[in-house]
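Each of two forms of one protein chain follows alone as structure tokens, named structure 1 and structure 2.
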Structure 1
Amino acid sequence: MITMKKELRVLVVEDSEDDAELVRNELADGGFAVAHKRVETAASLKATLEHESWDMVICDHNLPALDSLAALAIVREVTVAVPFIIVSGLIPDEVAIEAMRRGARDFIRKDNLSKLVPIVERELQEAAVRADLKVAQDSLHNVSHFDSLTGLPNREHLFKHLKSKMACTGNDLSFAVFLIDLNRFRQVTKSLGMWAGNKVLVETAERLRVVFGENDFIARLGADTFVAVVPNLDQDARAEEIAKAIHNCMDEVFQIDEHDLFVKASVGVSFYPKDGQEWDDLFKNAESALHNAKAAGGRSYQAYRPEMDAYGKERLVMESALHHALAQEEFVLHYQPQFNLFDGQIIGAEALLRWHQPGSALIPPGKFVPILEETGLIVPVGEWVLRAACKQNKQWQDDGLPPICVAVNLSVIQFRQPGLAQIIKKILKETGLSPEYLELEITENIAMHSEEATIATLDELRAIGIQISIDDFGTGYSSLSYLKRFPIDRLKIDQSFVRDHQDGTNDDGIVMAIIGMGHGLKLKVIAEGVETKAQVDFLKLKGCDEVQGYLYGKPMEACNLALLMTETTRSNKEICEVMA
């Protein structure tokens, strides 16, 4: 039977060739296939360790140019893992004990070489155990220090880094903490799923790695928030340049499957030591700056200023008050009339939510709808809006006013809500409103979801008999191809295009293109934000069907809209009588 010999690479530190040969023979007799090399000076020992790998170092105690303790120091400088065994003719006990204390694994007298093989076998086993342990420790370190999705350092690692940086940073040193948060990331995961969200995060991490340098520390804090610590940075101007680079790197489209996603980021920054001597203050202040940047919207950047602290408090207070606002009946709807551009008839009204917190003025939706969306409260509040608007519209009809359509804004989260069609059917039944008098306004971002699922929901809603319009058209995820496939009734041209109307500007071109496209698809086109006679004339000339805006009427209480409807009907009747 042939037994395979175990390979053993031994580095022998020995001045006598004969003694080295004895060691080699002993190991070969013990069943090892020995590959060995002999060295006898510090320089050759070091060079050999650096260029080749060894399973074992066997060292004489007393060489002319080196002793075992000095050899051990050189070995440990290069590697901690290789077992070091002293094989010597004469070695004083205290030196042997000192060598063991410094990391030698054993010592054997040259006249007792029979001990060598069992010791080498034991050492090889223990080295293997130590190697396994090291792998386990490394992976534990990775799990506890790195984010498994992006491979970036995680929150704990970041805080350790910040703490140690602050512990050793002298007064004259500085650094900046950048907090980077993706805008509307929840919508990506809600619309396209976790998998798509994860792809965006991984790619964001890669892009950030390119923006920041080797000496910067980038981490993922959790969810869609990243952090970068940039040393030697204490000026707002340079931080702003870095923020611009972050925005630029996010400008490129994220291609997730067949979807082209545009993901923007908000950036907040605080500086050490100016904005906090302790890491938690510094971090809290970067968060304040980030919240302010987020409130500004878009691809924004803010450096911390002490007056920002109020924002965080205000937002917390608002969030907790919003949890009770529905039960305490603090929401009200205002209605803004919509007109047919050619005969001046009121054809509809958009229901716009306001929050009447006791003791304060009416709060506009831009201030609290994003919080309702982030907290999920938009679902019950949105249902309340639908019910209240349908009830009011039925009331106007019961009061003998000419029937109009009430338009209700629906956030993407509501649109994705399972059973939405059932809820609407129930509300129409409860309030007695006929479905053709309800319109839902949705934004282009619903198209971020799979087209099939979006079309299925739209079909379900249209089957009820209600109307659907695309709000703020032209500003969102504008894939014109989806328009053809979506069962919708109306496009609302975003007010930014209407507001900027000046003859011959680009926005005029956009307005004209939207009207042309809408009509090509047999959709009605309504312009919102109409404030001037010049805008009306232009819209009329280009064939826009309907208008909504301050020129015709601001959002108003239901009773005032009833008055306006009565007046408009009367004056139209008078015009008709005069013309008859």
Structure 2
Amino acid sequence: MITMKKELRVLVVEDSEDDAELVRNELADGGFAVAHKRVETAASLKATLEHESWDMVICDHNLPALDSLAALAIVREVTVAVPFIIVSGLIPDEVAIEAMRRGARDFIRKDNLSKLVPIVERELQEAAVRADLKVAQDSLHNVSHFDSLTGLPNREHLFKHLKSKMACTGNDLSFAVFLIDLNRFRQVTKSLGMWAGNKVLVETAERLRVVFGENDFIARLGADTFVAVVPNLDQDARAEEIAKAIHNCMDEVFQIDEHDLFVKASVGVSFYPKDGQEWDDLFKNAESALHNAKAAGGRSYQAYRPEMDAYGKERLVMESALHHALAQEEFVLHYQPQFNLFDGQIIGAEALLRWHQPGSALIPPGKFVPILEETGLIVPVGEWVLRAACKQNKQWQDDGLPPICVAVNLSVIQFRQPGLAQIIKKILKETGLSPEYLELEITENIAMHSEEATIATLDELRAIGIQISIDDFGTGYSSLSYLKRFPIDRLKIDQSFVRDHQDGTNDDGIVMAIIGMGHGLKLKVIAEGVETKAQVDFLKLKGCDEVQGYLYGKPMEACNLALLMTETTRSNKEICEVMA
């Protein structure tokens, strides 16, 4: 039976070739296939270590050019991993002890070489353990300091970097903290799933690496937020140039499988030392700048200004108040009537959420609905809206008013929540409203992504007997393909197309196309934002079915809509009697 010898690369620091040969023979007799090299000067030792890898260094103590302590210092300067063993004819005990203290693994007298093989085998095993431990430590360091998805430094690493940088720099030095947040990233993950969101994040990290130089520190803070620390930057103008570069790199389409996604970014920046001399102040101010940039919308940039703190405080106060608003019954619904364009009858109303804080005027939805969506409060508040609208509609019917359909908007988060159909069934049962008098409005962005899941949810809702409409049609990804597949009843022309009609100009072609598309699919078409007689005449000429807008009625309290329904019914009855 042939036994394979263990390979061993040994660097021998020895001025005697004979003694080096004794060492090699002892190792060979112990079962090692030895690859070796002998050096005897400091220069040759260092050069050999730097250009070749070794499993073991075996060193004599007394050499003309250096001793074992000097050789050990050179070895440890180049590498800490290679075991260092002293084999010497004579070495004082105190020197041997000092060598061990400095990192030598063992020492052997040349007249006792029988100990060499067991020591080498022990050191190789321990070196393997140390190597495994180093790999584990490196892995732990990576896990604790780097983002596993993008490979960028993580939050912990970022804050350590900021603390270290601020500890080392005086107030005469400067740097900027850029906070970069992806707009509508949640829409990507809600529509296409986390796999698509992860691909966007990885691609964003690569793009940011290109924008920022090697001297800049880039990190992923978490979710869809990135941070860059740029040294020697204290000017708004230069920071704005970098922000433009960020926006430009994000303008390029993200190609995620068969989808072309357009993801924009908001950028906030603060400067050290003028915007904070402690890392948490500096970072907090960058967040204030980012919040203002996001509020501005689109591909926006803001540098921190002290007055922004007021916005941040106002936002926190509003978030806190919204958490209590539902329990304290501060939400109210207003209703905007919808009319049949040809006979003037009220055929429906859109329920619109308002917030009435005690001691203040009504707060419009544009100021608080985005916060509801960001905090997740849109789900319980949305359920309240559904229940309140159904209850009110049933009350109108019980009061003898002609039955109408009340439309309620569903956010993306509401539409995607599990058990939506069961929730609506329960609300209809509790309020006693017949399903045909409830309409749910969804946007095109809900409709276009995850078509099979969307169709399944819509089928459940239609099975209940409620109506479905596509809101803001024409502003998203208007597609005949999904309209043909989806169980919907009505298209709602976005008010921006109606508002721009001025004597047959601008968006007339879009309005005509939507009406034609809807009627071709046997859908009702309603136009919102109708404010002038010219708009009414145009819509009537093109065959639009229904209208909604200030010309016919602003959003109003339930009692006022009841009066309007009563008056409209009376007027139409009188007209019919005269015509008869």
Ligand code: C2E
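All residue numbers here follow the sequence of structure 1, with the first residue given the number 1. For clarity, every value in this text was computed on a predicted model and none was experimentally measured. Superpose the two forms; the largest set of C-alphas matching within 1.5 Å is the rigid core.
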property: Structure number, where the criterion is the form predicted alone; result: 2
property: Large Cα move at Ala245 between the two structures, threshold 2 Å, rigid core; result: no
property: Displaced residue check between the two structures: Lys533, CA, 2 Å or over, core reference; result: yes
property: Gly31 C-alpha moves between the two structures by 2 Å or more, core aligned; result: no
property: Inter-form CA displacement between the two structures at Arg416 - rigid core frame, Å; result: 4.3
